[in-house]
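First, one chain by itself: the form predicted alone, in structure tokens.
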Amino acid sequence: MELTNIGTIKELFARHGFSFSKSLGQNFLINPTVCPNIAERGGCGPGVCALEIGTGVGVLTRELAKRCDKVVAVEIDERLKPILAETLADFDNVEVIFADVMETDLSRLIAEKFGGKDAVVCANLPYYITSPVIMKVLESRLNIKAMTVMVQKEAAERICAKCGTRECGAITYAVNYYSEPKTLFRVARGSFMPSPNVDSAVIRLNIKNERSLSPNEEKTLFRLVRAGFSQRRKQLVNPLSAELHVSKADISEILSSLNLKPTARAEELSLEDYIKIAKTIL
């Protein structure tokens, strides 16, 4: 069954009475090279298990199942149940759980299903939920080696930007705190059905195992980053003063004591700079 063949997909959908859901951001892959590439470069292999977020018709699921010991997929659209029963029928190492990933205890799921084996996360994420899903995975501190996901090209550029540059955003700092992000390859908009209005990119986040800050310090760190980027065109003392309910003079003094310019804007600081501020404030 060629699940990247448009004719095959249309026939499959017609037989099961399936139609695309705009609210779920469904764009299914029809480029046959993409999913094998994601599976190969996502860390799959013997002795490895994969958690997939969102299955579509099972194109990536099948590629993961060919390479991994076990695949557990979390899919929100129960209308896909009969389709996946057909497209994944040849694989006895795949389990599909129909649930909202944002309401799923992923740590418990991985512990129960993978039994301590090496694990990776792979996904073709709908654009509207890219950041929430990535942050849920990272903040959950899952027992995984890497997260490899396809996202909108602009989101990939923001996530993989260097901290302290114009291209970065609040999510850049969060992703870099938990992982080492890298863009793997681009995916043209014509690789999907229906075709979106933008191109995509596949990125890999290699998870960092060490925890450099305490929970309170982490909370303060991301509070500072979010505040700074909420008014990224203003000098950092302004949003930090408002967020922390501290005078601008006191914020300026803290920045100066850390050899940081009081006139700096949010995007001019490195992740290490924000970490130093968080530790100083606490």
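For clarity, every value in this text was computed on a predicted model and none was experimentally measured. Each residue number is its position in the shown sequence, starting from 1.
Here the subject shifts to the form predicted together with S-adenosylmethionine (SAM), a form of this protein not shown in this document.
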**Prompt:** Even though S-adenosylmethionine (SAM) is not shown here, does it sit in the predicted complex so that 29, 54 and 101 each have a heavy atom within 4.5 Å?
**Reply:** yes
**Asked** Taking 4.5 angstroms as the cut-off for heavy atoms, does residue 39 touch S-adenosylmethionine (SAM) in the predicted complex?
**Response** no
**Asked** Does residue 126 reach S-adenosylmethionine (SAM) in the predicted complex if we count a contact as any heavy atom within 4.5 Å?
**Response** yes
**Asked** residue 25 near S-adenosylmethionine (SAM) in the predicted complex, any heavy atom under 4.5 Å?
**Response** yes
**Request:** Examine residue 255 and determine whether its closest non-hydrogen atom to S-adenosylmethionine (SAM) in the predicted complex is within 4.5 angstroms.
**Result:** no
**Asked** Taking S-adenosylmethionine (SAM) in the predicted complex as the reference, which of 221, 49, 237, 59 has a non-hydrogen atom within 4.5 Å?
**Response** 59
**Complete:** Interface check vs S-adenosylmethionine (SAM) in the predicted complex: of 106, 76, 146, 170, the one with a heavy atom inside 4.5 Å is 76
**Asked** Just one stretch in 181 to 189, 198 to 206, 126 to 134, 158 to 166 has heavy atoms within 4.5 Å of S-adenosylmethionine (SAM) in the predicted complex, so which one is it?
**Response** 126 to 134
